[in-house]
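Next up is one chain by itself, shown in structure tokens, the form predicted alone.
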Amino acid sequence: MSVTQVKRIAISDSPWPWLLPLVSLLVVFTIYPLIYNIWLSFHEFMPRKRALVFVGFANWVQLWHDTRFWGALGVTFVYFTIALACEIVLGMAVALLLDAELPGFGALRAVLSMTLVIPPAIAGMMFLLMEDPQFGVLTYLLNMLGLLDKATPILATSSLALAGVLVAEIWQWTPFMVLIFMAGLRSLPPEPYEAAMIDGASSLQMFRRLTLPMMSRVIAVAALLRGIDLFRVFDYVFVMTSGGPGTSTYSLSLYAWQQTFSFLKWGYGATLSLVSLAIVMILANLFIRAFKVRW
């Protein structure tokens, strides 16, 4: 390309020369993998032939009769609901507390944000050690408080394993909600609060009648962002329990990964991934319409 042509592109009014790199990245890293995944869901890998064989809708039919898929979907929904509710409530409580300009709170806000730079797999390994039945500090504290029997390993007990994984998830991502909620709280106008204080409203009344309504869109955006991420839970489950004991922590992402890479069922793994994507898109759209989320 000559210097003259480069100058013409640089002064051109058309947006396409500037959008072309972004469009190329979208095609390579988003559209092509999606189309390939759809194509793969109608095929299955045959190890003996070392080739993909067209199987039509067999993977989709198998999905409806797969009890393990429905179990993994149920675990994912339970995980998604509990984690999102806890992170919203705790995030709002901590944000309200740290919103006060007290000595040391600036450093505390910085410390809270440090959890976000830790990779989820590393955070999962940390809690795997902390919940160890022999020398885990979390297990020791629960024993001291009388909340857990010494002979009960958290991550090896069906009724407790999901809670053990959720602790790591909530610990790491509640600060993310705190940061979003604090930014929202700082943007609220002071006039309604001043008027409420003159009228003698209590702190609880101001929170219910002023803070929550004015923060509703911020809460909705934060819930949407975390909800999409929560539905793809994989790291914590893989590192801490590998889906066990039994299938008590078996998430949909872990099931898709296992089918694809452990059992080499590439077509069925692609089908599971597409179903997960479809569920997230439907839920996100319903949420956006219900809570009128605006970006």
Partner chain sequence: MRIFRTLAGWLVVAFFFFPIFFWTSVAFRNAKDIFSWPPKFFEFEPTVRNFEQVFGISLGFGFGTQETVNPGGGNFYMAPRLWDSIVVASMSTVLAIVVATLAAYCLSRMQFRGRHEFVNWVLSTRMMPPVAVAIPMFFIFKQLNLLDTYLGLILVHGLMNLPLAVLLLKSFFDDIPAEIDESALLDGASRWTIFRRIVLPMAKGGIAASAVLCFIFSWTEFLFALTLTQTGIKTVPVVSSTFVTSIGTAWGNMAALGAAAIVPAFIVVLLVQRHLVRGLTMGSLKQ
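What you see is a predicted model; the values in this text were computed from it and never measured. Between two forms, the rigid core is defined as the largest C-alpha subset superposing within 1.5 Å. Numbering follows the first chain given and starts at 1.
A second form of this protein, the form predicted in complex with its partner chain, is not displayed here; the remarks below concern that form.
If you check in the predicted bound form, do P15, Y32 and V280 all have a non-hydrogen atom within 4.5 Å of its partner chain?
Checked in the predicted bound form: all three residues contact its partner chain.
If we take heavy atoms and a 4.5 Å cut-off, which stretch out of 204-212, 219-227, 190-198, 71-79 is in contact with its partner chain in the predicted bound form?
The contacting stretch is 219-227.
Does F54 reach its partner chain in the predicted bound form if we count a contact as any heavy atom within 4.5 Å?
The answer is no: F54 has no heavy atom within 4.5 Å of its partner chain.
So, in the predicted bound form, is G146 in contact with its partner chain at a 4.5 angstroms heavy atom limit?
Although its partner chain is absent here, G146 would stay clear of it in the predicted bound form, with no heavy atoms inside 4.5 Å.
Should L166 be classed as touching its partner chain in the predicted bound form when contacts are defined as heavy atoms within 4.5 Å?
Although its partner chain is absent here, L166 would stay clear of it in the predicted bound form, with no heavy atoms inside 4.5 Å.
For L26, is any heavy atom within 4.5 Å of its partner chain in the predicted bound form, or not?
Yes - in the predicted bound form, heavy atoms of L26 and its partner chain come within 4.5 Å of each other.
Give, in sequence order, every residue of 108-122 that has a heavy atom within 4.5 Å of its partner chain in the predicted bound form, or say none if there are no such residues.
Residues within 4.5 Å: L108, R109, A110, V111, L112, S113, M114, T115, L116, V117, I118, P119, P120, A121, I122.
Superpose the two forms on their rigid core, then report whether the C-alpha of H65 is displaced by 2 angstroms or more between this form and the one not shown.
After core superposition, the displacement of the H65 C-alpha between this form and the one not shown stays below 2 Å, so no.
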